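There is one chain below, alone, in C-alpha cells, taken in the form predicted alone.
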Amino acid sequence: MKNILNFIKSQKLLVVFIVIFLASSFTTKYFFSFTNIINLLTQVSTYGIVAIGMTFIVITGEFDISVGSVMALSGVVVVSLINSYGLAVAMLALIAIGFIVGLINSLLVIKVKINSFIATLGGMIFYRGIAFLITKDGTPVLPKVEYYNKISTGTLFNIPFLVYIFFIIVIISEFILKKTTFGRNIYSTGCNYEVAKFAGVNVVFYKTAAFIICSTGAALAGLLMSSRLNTAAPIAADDAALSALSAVVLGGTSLSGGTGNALKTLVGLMILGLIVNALNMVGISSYIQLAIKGTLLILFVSIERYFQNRAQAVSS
C-alpha cells in the first residue's frame, strides 16, 4: 500500500490521465475506436505544437500570450503568399514571422524591461490587427492550390501528417531540454536568472531563443491549422494562448520557471483533450466544457501547490 501511495504521489499527472482516460471510456462504446482516437490526437496536435513552444518560454519564467494572433497572422500570410508566389516563398515568410515576433517579444522583455504578460498582450493585439489589415475586411483567405489542405490532412497508415508532425516536435523538444547543453541552460535561466548569469550562462541568448522557439511554433501551428481547415482567417485561434498555457500548467511546468518538460506538457494536453472529447461525445455544451476545464485546472494546480508546500515544510 505504501508503494502505491508513493507512486501516486510521484506520478500524480500520470494517475490523473489514467483515471480520466478510463472514465472517458464509459461515455460511449465508440471511445476506443480507431477513428475516435485519431480524432482526439488530431484535435490536440495543432494547439499542442503551440503548447510545446510555450513550455520553453514558461521554463524561463516568462509568458507569451500573443501565440493565437501569431497563428492567425501566419495563416493569412502563408495562404496569401502561396496563392501568388508559391510554397517556397510562403515558408520563408513563415520562418521570418516566427523569428521576428520572438525577437521583438524578447527585446521588449529583456532590454526594455516590460513584463512579458504586458509585452505579449500588446503583441497579441498588434499581430491580430495586422492580420485584419492584410485581409482588408477580415474576409477569410482561401488557398488556390489543391495540395495545401494535404499538408495537414494527408495520411500515412491512416494517421494524418499533422499528428506525425506534432509527435516529432514533442520528441525533438524533449531531447533538447533533457539531453543538450542548450536545454540545461534554458532550465538554469528560469531557475535563477541572476545566478545563471554570474555562472557564465548567456541568459539573454537563451531567453531570446525561448521566445523565438515559442513564436515559431505558433507560426507553424498557424500554417497547419489553416491547412487543416483549408482557409485562413484573422479571427482564428483566439483561444490558443489559454489552451496552450493550460496544458503547460496542467503538465506541471512551474509558472515561476526552472521546471517542466515536453512529455509532461503532452500529458497535460491529452488530459484536456480527453475531457473535451468525452464531453463532445455525450453532447455537453461548449460553454459548460469551458467551466469544467477551468475548474479541473484550478483543482489540479491547487493540489500540486499543496504537495509542494508540504514538501517545503518537511524540508525546513
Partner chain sequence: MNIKNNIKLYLNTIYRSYTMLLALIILIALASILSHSFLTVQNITNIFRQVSVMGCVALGMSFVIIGGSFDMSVGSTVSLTGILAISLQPIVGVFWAMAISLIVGVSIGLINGTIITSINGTQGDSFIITFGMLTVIQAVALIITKGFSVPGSNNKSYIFIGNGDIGVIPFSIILFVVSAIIMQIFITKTSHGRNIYYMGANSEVAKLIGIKVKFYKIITYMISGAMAAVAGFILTARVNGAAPKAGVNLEFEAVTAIVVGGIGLKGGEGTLVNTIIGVLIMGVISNAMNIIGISSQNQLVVKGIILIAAVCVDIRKKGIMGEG
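Residue numbers count along the first chain shown, from 1. What we label the rigid core is the largest C-alpha set whose atoms superpose within 1.5 Å from one form to the other. Since the model is a prediction, treat every value here as computed from it, not as a measurement.
What comes next is about the form predicted together with the partner chain, which does not appear here.
> Scan I130, M91, I151, A233 and let me know which has any heavy atom within 4.5 Å of the partner chain in the predicted bound form.
Only one listed residue qualifies here, and that residue is I130.
> May I ask you to state whether L290 is within 4.5 Å of the partner chain in the predicted bound form, using heavy atom distances?
The answer is yes: L290 has a heavy atom within 4.5 Å of the partner chain.
> Residue-level contact is defined here as any heavy atom of the residue lying within 4.5 Å of the partner chain in the predicted bound form; does S25 satisfy this criterion?
No, S25 sits far enough from the partner chain in the predicted bound form that none of its heavy atoms falls within 4.5 Å.
> Counting only non-hydrogen atoms and a 4.5 angstroms cut-off, does V16 reach the partner chain in the predicted bound form?
Looking in the predicted bound form, residue contacts with the partner chain do not include V16, since no heavy atom lies within 4.5 Å.
> Indicate whether Y147 is a 4.5 Å heavy atom neighbour of the partner chain in the predicted bound form.
Result no; Y147 lies far from the partner chain in the predicted bound form.
> Given that the partner is absent here, state which listed stretch (121-129, 80-88, 210-218, 95-103) has heavy atoms within 4.5 Å of the partner chain in the predicted bound form.
Within 4.5 Å of the partner lies stretch 121-129.
> Where, within 214-250, is there a heavy atom within 4.5 Å of the partner chain in the predicted bound form? Residue list please.
Read in sequence order, the residues that approach the partner chain (within 4.5 Å, in the predicted bound form) are D238, A241, L242, L245.
> Using a superposition on the rigid core, decide whether the Cα position of A291 changes by 2 angstroms or more between this form and the one not shown.
Yes, the C-alpha position differs by at least 2 Å between this form and the one not shown.
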